[in-house]
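First, one chain by itself in structure tokens, the form predicted alone.
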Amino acid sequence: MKIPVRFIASRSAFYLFTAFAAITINFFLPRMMAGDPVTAYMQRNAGQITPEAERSLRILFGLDQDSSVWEQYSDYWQLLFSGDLGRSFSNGLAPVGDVISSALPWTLGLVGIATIVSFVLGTATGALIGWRRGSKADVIVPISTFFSTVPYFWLGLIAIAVFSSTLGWFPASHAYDKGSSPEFTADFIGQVIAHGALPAITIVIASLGGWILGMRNMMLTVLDEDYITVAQAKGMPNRRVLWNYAARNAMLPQLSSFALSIGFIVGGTIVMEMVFSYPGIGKLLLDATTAKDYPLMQGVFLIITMAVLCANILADVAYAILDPRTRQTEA
């Protein structure tokens, strides 16, 4: 299989422009908010910071009032190309990269695995329900859809009340036991799995309905196509027709949604991390916004933007591989 050069070039140009626009918005958006991190810090430490120290802080964070916004914008690009995301105002002037890297693995491990499991399980279940339309399996659709409509905040609290407080099956909060420190041991890994099981299950339950419903509806459309009738008329096994012909074409629209879901994994689920007190990127972004920590906000936004773009690139490649019409149209 050969992917046309024009297809690759057009997609590359589009995503480069999108990345440039997203980074530009990432720079200007925090500065459009009322106040700034230095002012907020001065208010919290009234009388403890001298004017000279305030000026030094503004220069450090690129908020020097003597420099124009365009000079700050130019400096921002120079720092990005050098790999410097700045220093976090709300984390003791720690490098933003270090702050993000300490929270990112927790989000990727929990939300990433839960999203992939939900997609695979929901897509496979939706394909089977669509293949056996009109059977008793259709009852799964309204049940899963109902759980998807329940606000996640309530779903998480109910899960904690039932499975943690009442039954005691899972810990109620945090990523590991209090008093423990992250280390690569069997005991610590067991703690992480135990603490992450309940949030992961709630994420799967909350998102499963959308995948099932979307795949089922696409299967109903695909099953009426002529190539499905021809494949069945040739005497092909039902399993081969289901997975190699029907499900393969029905899942194409699912890939776009899955790509966006994969991209937003980096952003985490803020509500989930608040309910379960989980130390992820979503909670980090919320804290940075509250503290008006520009460098940390920009760093988190940048990581989320790049993750979404990379996920969409992978979705385009998957489309080109699974659907030859995409390659022919772009060529």
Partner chain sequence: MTTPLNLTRPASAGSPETATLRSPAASIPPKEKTFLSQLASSFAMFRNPKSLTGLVILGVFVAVALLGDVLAPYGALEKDFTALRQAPSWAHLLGTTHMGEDILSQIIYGTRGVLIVGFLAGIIGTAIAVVMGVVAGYTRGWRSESLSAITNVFLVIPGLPLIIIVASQFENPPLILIAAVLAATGWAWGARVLRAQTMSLRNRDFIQAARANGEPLHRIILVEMLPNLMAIIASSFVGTVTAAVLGLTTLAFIGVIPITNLNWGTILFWAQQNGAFPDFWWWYIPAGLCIAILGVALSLINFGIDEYVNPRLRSAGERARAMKKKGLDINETMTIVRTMTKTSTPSKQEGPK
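Just so it is clear, the model here is predicted, and its values are computed rather than measured. Between two forms, the rigid core is defined as the largest C-alpha subset superposing within 1.5 Å. Numbering follows the first chain given and starts at 1.
If you look for the form predicted in complex with the partner chain, you will not find it shown, but the lines that follow are about it.
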property	result
Answer range among 98-106, 75-83, 132-140, 183-191 for contact with the partner chain, defined in the predicted complex as heavy atoms within 4.5 Å	132-140
S173, heavy atom within 4.5 angstroms of the partner chain in the predicted complex	no
Distance check, V69 to the partner chain in the predicted complex, heavy atom within 4.5 Å	no
In the predicted complex, A21 touching the partner chain (heavy atom, 4.5 Å)	yes
Contact label in the predicted complex: I113 to the partner chain, heavy atom within 4.5 Å	no
Sole residue of L121, A94, A161, A197 within 4.5 Å of the partner chain in the predicted complex, by heavy atom	A161
In the predicted complex, residues of 292-313 near the partner chain [heavy atom within 4.5 Å]	K292, Y294, M297, F301, I304, T305, V308, L309, N312
Did T290 shift 2 Å or more between the shown form and the other one, C-alpha, core superposed	yes
